[in-house]
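Only one chain is shown below, in structure tokens, and it's the form predicted alone.
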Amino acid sequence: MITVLRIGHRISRDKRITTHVALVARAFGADKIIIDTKDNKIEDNVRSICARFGGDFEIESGVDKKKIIKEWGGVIVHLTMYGEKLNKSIDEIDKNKDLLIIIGAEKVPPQIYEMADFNVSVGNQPHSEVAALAVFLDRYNMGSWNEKQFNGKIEILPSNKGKKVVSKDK
């Protein structure tokens, strides 16, 4: 199981980017996202996308991040530009254990660096946590996310030109 923990979510400022983190998590192979700040609107938006586009992705907000981290029984990866390079870390992560990926919205408390098994950087330059999550999940899942079948009410068909959308609503 792959779970993304979004910490430091600020409702007034981060709603769009946190939604994008959730959508990337879903599309790139994670099973769940948990957000430390309670945000019913993001929960509703992500559940609506899952209802239309399919998949078993879960979302929960308003969780105690320290409790989640302390009680996690698998591997904990914190994505940060200050970590070890992705290419060095990725092969060391035990894929037979559940994975918790921590992504910050605001400055991440120093304790998170200590609590993580791996502090991984997807490049040592400032950029989007959405990009970091996408690249990390792609490498971790070795691209398998791209073949996943979501079996939703709406399916986008690959097309070189134009938009091909199949609606399975009855």
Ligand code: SAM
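The first residue of the sequence shown is number 1, and the count goes up from there. The model shown is predicted, which means the values in this text are computed figures rather than measured ones.
The same protein also has a form predicted together with the ligand, omitted here; what follows describes it.
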Quiz item: So in the predicted complex, does Glu129 come within 4.5 Å of the ligand, heavy atom to heavy atom?
Solution: yes
Self-check item: the ligand contact in the predicted complex: Leu79, any heavy atom under 4.5 Å
Solution: yes
Self-check item: Close approach of Val122 to the ligand in the predicted complex, 4.5 Å, heavy atom
Solution: yes
Quiz item: Does Gly104 reach the ligand in the predicted complex if we count a contact as any heavy atom within 4.5 Å?
Solution: yes
Quiz item: From the list Val108, Val135, Val46, Ile34, which entry has a heavy atom within 4.5 Å of the ligand in the predicted complex?
Solution: Val108
Exercise. Name the stretch, out of 139 to 147, 51 to 59, 112 to 120, 25 to 33, where some heavy atom lies within 4.5 Å of the ligand in the predicted complex.
Key: 112 to 120
